[in-house]
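Shown here is one chain on its own, the form predicted on its own, set out as structure tokens.
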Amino acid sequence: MTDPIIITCAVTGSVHTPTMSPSLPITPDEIAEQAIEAAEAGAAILHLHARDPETGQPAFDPTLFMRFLPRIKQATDAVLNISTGGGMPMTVEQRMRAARRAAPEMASCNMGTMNFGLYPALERRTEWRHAWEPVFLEASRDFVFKNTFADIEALHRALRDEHGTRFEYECYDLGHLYTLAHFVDRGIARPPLFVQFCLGVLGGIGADPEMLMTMKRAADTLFGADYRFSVLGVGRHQGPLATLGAALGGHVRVGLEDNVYLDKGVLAPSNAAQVRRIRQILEGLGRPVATPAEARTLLDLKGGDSVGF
């Protein structure tokens, strides 16, 4: 409770489609601009995906990442965290490609294979900006988000061993924490761990306070003082669960990847608006907001001068 609290902003992701929000950043310029604004608002870590600038589809091409990573790095001191989660229907190798090219301070590491259902969003609209959007959402009905033990091992070899990258361990269910403990026991995942409790994805643990408490109790038992946790609540659960997580001594994640709304029925105008909202809540709780330098110290990161962009 005495540590400054890290705000992570997940800028665009691969879950929401362009029709869902006009504020969702699509092009490299839009991603860079919104990331910089989020950092200026108080985000110490920026969690980054790329998209096809013409269609808005999730993309894995490292050249797209390199169109915004250097620009963000020049304009901010934020920690840049490159997703290895990618999006449907990317292979694991494709999902790692950008991070291998960029050698970032941080990358995400998803801790288990799971169903990842986006198809309920089809019920909310009948018209779409792009033909790919309803097809993409419907495909999640029969999609398996693959993160096997071998995949997790490969990710650590490719990023930690070769580039000194550390991980945001994304845990969508209780069993994912036990999988992470397995990798700690084997000496593959090394403290200090940064564990992201991801609540509310269809196929993972539910987005309610009791489930958050369950995740924290399990992580406390498994990792003791060797971990720090952050809370990601999907959709309308973003603010309440982040607030609860902060009150419990954790860190928080917000951003248009996880929630396109600011209030009920009110679309967020930007990622920065969400960062400013959660920062106001955190400061009201008496929790100081971490600078990027403080985040690097808390998470034992290699520093921005050691990346590949």
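From a predicted model like this one, the values you see are computed outputs, not experimental measurements. From 1 onward, residues are counted along the sequence shown.
There is another form of this protein, the form predicted together with (5S)-5-amino-3-OXO-hexanoic acid, and it is not shown here; the text below is about that form.
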{"item": "Contact check for H47, F116 and L232 against (5S)-5-amino-3-OXO-hexanoic acid in the model of the complex, heavy atom at 4.5 Å", "value": "yes"}
{"item": "Listed range touching (5S)-5-amino-3-OXO-hexanoic acid, judged in the model of the complex by heavy atoms within 4.5 Å, from 167-175, 69-77, 215-223, 185-193", "value": "167-175"}
{"item": "Distance check, R253 to (5S)-5-amino-3-OXO-hexanoic acid in the model of the complex, heavy atom within 4.5 Å", "value": "yes"}
{"item": "Residue contact check: V15 to (5S)-5-amino-3-OXO-hexanoic acid in the model of the complex, 4.5 Å heavy atom", "value": "yes"}
{"item": "Contact flag, V201 vs (5S)-5-amino-3-OXO-hexanoic acid in the model of the complex, heavy atom cut 4.5 Å", "value": "yes"}
{"item": "G85 within 4.5 Å of (5S)-5-amino-3-OXO-hexanoic acid in the model of the complex, heavy atoms", "value": "yes"}
{"item": "Within 4.5 Å of (5S)-5-amino-3-OXO-hexanoic acid in the model of the complex: residues from 244-260 (heavy atom criterion)", "value": "R253, E257, D258"}
